[in-house]
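Just one chain is shown here, as structure tokens, and it is the form predicted on its own.
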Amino acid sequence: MSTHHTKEPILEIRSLSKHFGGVKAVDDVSLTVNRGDVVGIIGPNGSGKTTLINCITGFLKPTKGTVSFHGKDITGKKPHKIADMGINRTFQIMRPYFSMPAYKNLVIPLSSPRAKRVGGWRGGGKHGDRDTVAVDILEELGFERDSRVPYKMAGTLPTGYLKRLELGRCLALRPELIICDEVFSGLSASEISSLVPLIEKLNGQGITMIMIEHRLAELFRVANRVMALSYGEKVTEGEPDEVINHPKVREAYLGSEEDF
């Protein structure tokens, strides 16, 4: 668990709602994320977790409410603008460039205005430096530099590496805040146990994180705060132990296979 979080708000969500016709996918949700936090968002399928993330990251426009980052209103801005400000995300359904080598997937975000501005990669149009940086980032995430893995086509990589590649693409943009959508899903117990220290390391390097997750035991190892959603509404928020013992949270998860 991180000890780096402060009370300095980095992301503020105020009374956010997203309706699809008569369906309230997200209904009046508020959340403050402080610098250095690892905030878990939990809830059964259909509770509005991914819709909330899509509203924060610009993939959906909220019906009402506001999202602000460092005090600036970013509600409804385009995803690339939000990414350029320093918020990045992984996707539950991974979307690498399957027909490119793994490391080349990072060269594209490394060529972005933000990466050049914040990361100081100049490279002057030459990809040599960026290739090296791309392999460096992947190595930090558990790709063995001396193996062929960073150079394999992304489409041939197993899920565990693809999840790390998603994180790598985020890191290439030098984000302040990474939002992970089900980063543990589809992984074996050993893959998860090797990913948990990576999450801790990234947080220790000063990256604030929001994690949507079904794997509660693993999430609670890294999160310092958790918000529970049910039917689009915020049920409760607090330290992991408080949240999981909340009657409404237990009720929402009852009958599911979650291990508390």
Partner chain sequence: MTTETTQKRRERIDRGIKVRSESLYALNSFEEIAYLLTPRVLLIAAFVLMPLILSPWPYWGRVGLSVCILALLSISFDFLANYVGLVSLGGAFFYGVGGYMAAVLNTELGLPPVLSIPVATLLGAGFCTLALLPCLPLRGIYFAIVTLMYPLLMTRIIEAFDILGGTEGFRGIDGFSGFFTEQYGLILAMFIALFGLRRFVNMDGGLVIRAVKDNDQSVRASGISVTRTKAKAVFLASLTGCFAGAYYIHMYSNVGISSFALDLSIMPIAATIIGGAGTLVGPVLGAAILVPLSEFLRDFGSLRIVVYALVLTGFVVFRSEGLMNYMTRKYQQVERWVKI
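Residue numbers count along the first chain shown, from 1. A quick note: this is a predicted structure, and the numbers were derived from the prediction, not measured.
Another form, the form predicted together with its partner chain, is not on view; read the next lines as being about it.
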| query | finding |
| --- | --- |
| Residue contact check: Leu173 to its partner chain in the predicted bound form, 4.5 Å heavy atom | yes |
| Phe98 within 4.5 Å of its partner chain in the predicted bound form, heavy atoms | yes |
| Contact of Gly160 with its partner chain in the predicted bound form (heavy atom, 4.5 Å) | no |
| Touches its partner chain in the predicted bound form: Ser111 (any heavy atom, 4.5 Å) | yes |
| Three-residue site Pro79, Asn88 and Val107 fully in contact with its partner chain in the predicted bound form at 4.5 Å by heavy atom | yes |
| Heavy atom within 4.5 Å of its partner chain in the predicted bound form - residue from Phe69, Phe220, Phe59, Tyr231 | Phe59 |
| Ile74, Ala83, Leu187, Val135 - the one with a heavy atom within 4.5 Å of its partner chain in the predicted bound form | Ala83 |
| Contacts with its partner chain in the predicted bound form, stretch 210-236 (heavy atom within 4.5 Å) | none |
